[in-house]
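A single chain, nothing else alongside it, follows as structure tokens in the form predicted on its own.
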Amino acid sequence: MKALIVDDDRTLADLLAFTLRREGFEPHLAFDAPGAMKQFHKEPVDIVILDVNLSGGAGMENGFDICQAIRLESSVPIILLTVRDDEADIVKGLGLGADDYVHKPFSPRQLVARVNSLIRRSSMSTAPQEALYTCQDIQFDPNMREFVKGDQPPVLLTRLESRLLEYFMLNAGQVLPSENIIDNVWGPEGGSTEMLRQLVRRLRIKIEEDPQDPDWIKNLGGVGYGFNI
């Protein structure tokens, strides 16, 4: 398994590379935007670990720009690293298609666990699926990550949004505690209640007629969420 580590903190990048190498990964390092894109195009990787506060270059201002550039070309899992605990950053990262968000400082071993969980779930999501979920006048195709309501044009979901909607529709009509949803979307080592809240918000914007008064995805008394049928 190959991992691309992009961080201008060379000490941290080397530490992550050492930790991943001990776990059987083949790490590749980059320390700025041009180096990141050059390394990404050089050979395929199984995951990208990307610092948000990375210095710019090649027409890019920060790690968000690199995330966007990679996502335009590939569905490879991306973990964003940041020292900022900012809701706006989480919203932006999820909107650009990032799969997980880790705040510095963190334990390298913890990050490895999240890397393994994300790769495992990514491989599961790329496996052939036969299911086509339908409910009333809506239809969801997890293979294409497309949501269709009535005769409206299909809405394309990100991988995380697709995984969340699939879990909701698999358990339609049930009370789903937030912890269970996080475990099924990100794995036991990934995600957070804030990331889930923002992901639900993004999904509602895409599939609900009125995201402020949703018909499908309901908040359930501080316990979690449910998919209305």
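Nothing here was measured: the structure is a model prediction, and the numbers come from that model. All residue numbers refer to positions in the sequence shown, first residue = 1.
Form predicted together with the DNA: not shown, discussed below.
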Can you check whether Q39 is within 4.5 Å of the DNA in the predicted bound form, heavy atom basis?
-> no
F168 near the DNA in the predicted bound form, any heavy atom under 4.5 Å?
-> no
Even though the DNA is not shown here, does E179 get within 4.5 Å of it in the predicted bound form, heavy atoms only?
-> no
Partner proximity in the predicted bound form: H28 to the DNA, non-hydrogen atom cutoff 4.5 Å | no
Which listed residue (T158, N116, S122, T82) meets the criterion of a heavy atom within 4.5 Å of the DNA in the predicted bound form?
-> T158
Contact check for P44, R71 and Y101 against the DNA in the predicted bound form, heavy atom at 4.5 Å = no
Which among 46 to 54, 31 to 39, 192 to 200, 62 to 70 is in contact with the DNA in the predicted bound form, heavy atoms within 4.5 angstroms?
-> 192 to 200
